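This document opens with one chain alone, in structure tokens, the form predicted on its own.
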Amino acid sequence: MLDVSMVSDRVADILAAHRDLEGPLLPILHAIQAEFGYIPQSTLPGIAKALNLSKAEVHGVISFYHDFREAPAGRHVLKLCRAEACQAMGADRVAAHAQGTLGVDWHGTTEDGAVTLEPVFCLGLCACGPAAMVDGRLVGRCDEVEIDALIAEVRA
């Protein structure tokens, strides 16, 4: 659990550093997520007030962009490409296997906190699909066997 006063102080610093930018909301949200690993709900009122937006507008931006998290991620993040090129190469089958193996849906984290599963819409490995990313490392030509190996690797 995050210390509320520490969060408030750090968010105030982030707001002060970014609020005068043109279109400051996205840089602020990225900075908050970089600081805490996610965007705590408790930060929304302060962001909204500082930018003269409603809490609903801030929440709408957070929920629209898949890279923003509203809860802490697991110790490892497994991203699977959901773009058309990867789908044509079997990404739906690979994704269903990963979800079943991990026991989570998209944006879910395993009960042990080890792995968060996230969809991503293009990793730039279109010729090597289906593609995945594990903790920032790209992996091409993923099948069920490769997914099992990746999951075993991060759980080790």
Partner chain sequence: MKIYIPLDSAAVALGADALAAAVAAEARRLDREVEIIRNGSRGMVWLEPLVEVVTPQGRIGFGPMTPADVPGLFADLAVHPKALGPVEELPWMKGQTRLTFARVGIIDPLSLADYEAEGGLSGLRKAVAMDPAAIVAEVTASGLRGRGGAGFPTGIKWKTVSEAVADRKYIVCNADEGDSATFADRMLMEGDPFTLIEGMIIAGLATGATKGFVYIRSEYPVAIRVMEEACRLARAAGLLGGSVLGSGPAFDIEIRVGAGAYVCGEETSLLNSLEGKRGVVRAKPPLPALEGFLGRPTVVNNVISLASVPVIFEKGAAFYKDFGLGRSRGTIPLQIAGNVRFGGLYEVAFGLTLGDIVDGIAGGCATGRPVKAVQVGGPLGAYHPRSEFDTPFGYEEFAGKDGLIGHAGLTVFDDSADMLKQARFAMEFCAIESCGKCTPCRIGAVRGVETVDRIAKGDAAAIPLLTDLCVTMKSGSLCALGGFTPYPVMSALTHFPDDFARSKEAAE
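Not measured: the values here are computed from a predicted model. Numbering follows the first chain given and starts at 1.
What comes next is about the form predicted in complex with the partner chain, which does not appear here.
Contact with the partner chain in the predicted complex, judged by any heavy atom within 4.5 Å, is made by just one of G60, G113, P45, G100: G60.
Among residues of the shown chain, G124 is one whose heavy atoms approach the partner chain to within 4.5 Å in the predicted complex.
Heavy atoms of A17 never reach within 4.5 Å of the partner chain in the predicted complex, leaving it off the interface. When the partner chain is considered in the predicted complex, L21 lines it closely, a heavy atom lying within 4.5 Å.
Contact check for R82: a non-hydrogen atom falls within 4.5 Å of the partner chain in the predicted complex. The partner is not shown here, but in the predicted complex the stretch 42 to 76 reaches within 4.5 angstroms of the partner chain through a heavy atom at G60, V61, S63, F64, Y65, H66, D67, F68.
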